[in-house]
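Presented below, as structure tokens, is a lone chain in the form predicted on its own.
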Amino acid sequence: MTVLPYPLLTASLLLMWMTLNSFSIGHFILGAIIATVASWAMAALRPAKPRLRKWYLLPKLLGIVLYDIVRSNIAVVGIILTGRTRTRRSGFMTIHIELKDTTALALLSVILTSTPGTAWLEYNSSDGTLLMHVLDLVEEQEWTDLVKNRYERLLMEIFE
């Protein structure tokens, strides 16, 4: 373990500490200790470097995600402006996910949470299930197919 694994982070945190507190030797020492410990904690949290098997599929994934975000924004605006009908209901659903790569799972969580109308709530790694909330949960199988066929399959090609 190096003394300062992230020297720029340590210096930035110390500078922020001194900016937010009074300039005294005591605050400087305390800020230096906190910044150093934070730098060590950051080094301990350093994830493994992701292994991209098919990196050239990333632009395709980005295009799909951006398209889905725009489409979902329009759908959510429609739901809000027209009001709820009896056929629309929000709800929670569980999907079995075959992804094991932590980077791919993190990316899937970002995709689902950034798409309006859906939220990634919990991932159970022991049985590989994802709990998510959907604003317009008309047909649960459609959402399962969307996540598995549109996102998970492509993520598995890219990362696993």
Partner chain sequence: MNEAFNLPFWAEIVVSAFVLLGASLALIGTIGLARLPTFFERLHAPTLGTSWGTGAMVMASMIFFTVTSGRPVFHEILIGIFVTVTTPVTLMLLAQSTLHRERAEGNPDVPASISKTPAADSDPKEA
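Since the model is a prediction, treat every value here as computed from it, not as a measurement. Heads up, when I say rigid core I mean the largest set of C-alphas that superpose within 1.5 Å between the two forms. Residue numbers count along the first chain shown, from 1.
Only in words, not in the display: the form predicted together with its partner chain, which the text now covers.
- Mapping the unseen interface onto this chain, residue 134 counts among the residues with a heavy atom inside 4.5 Å of its partner chain in the predicted complex.
- Remark: residue 24 does not count among the residues lining its partner chain in the predicted complex, judged by a heavy atom distance of 4.5 Å or less.
- Residue contact check for residue 110: one or more of its heavy atoms lie within 4.5 Å of its partner chain in the predicted complex.
- In the predicted complex, its partner chain lies within 4.5 Å of some heavy atom of residue 122.
- Although its partner chain is omitted here, in the predicted complex none of 64, 144 and 154 has a heavy atom within 4.5 Å of it.
- Contact annotation: its partner chain lies within 4.5 Å of heavy atoms from the stretch 112 to 120 in the predicted complex, the single such stretch among 53 to 61, 112 to 120, 25 to 33, 96 to 104.
- Contacts with its partner chain in the predicted complex, taken as any heavy atom within 4.5 Å, map within 3 to 42 to 16, 19, 20, 23.
- Taking 2 Å as the criterion, residue 143 does not count as shifted between the shown form and the other one: its C-alpha moves by less than this amount when the rigid core is aligned.
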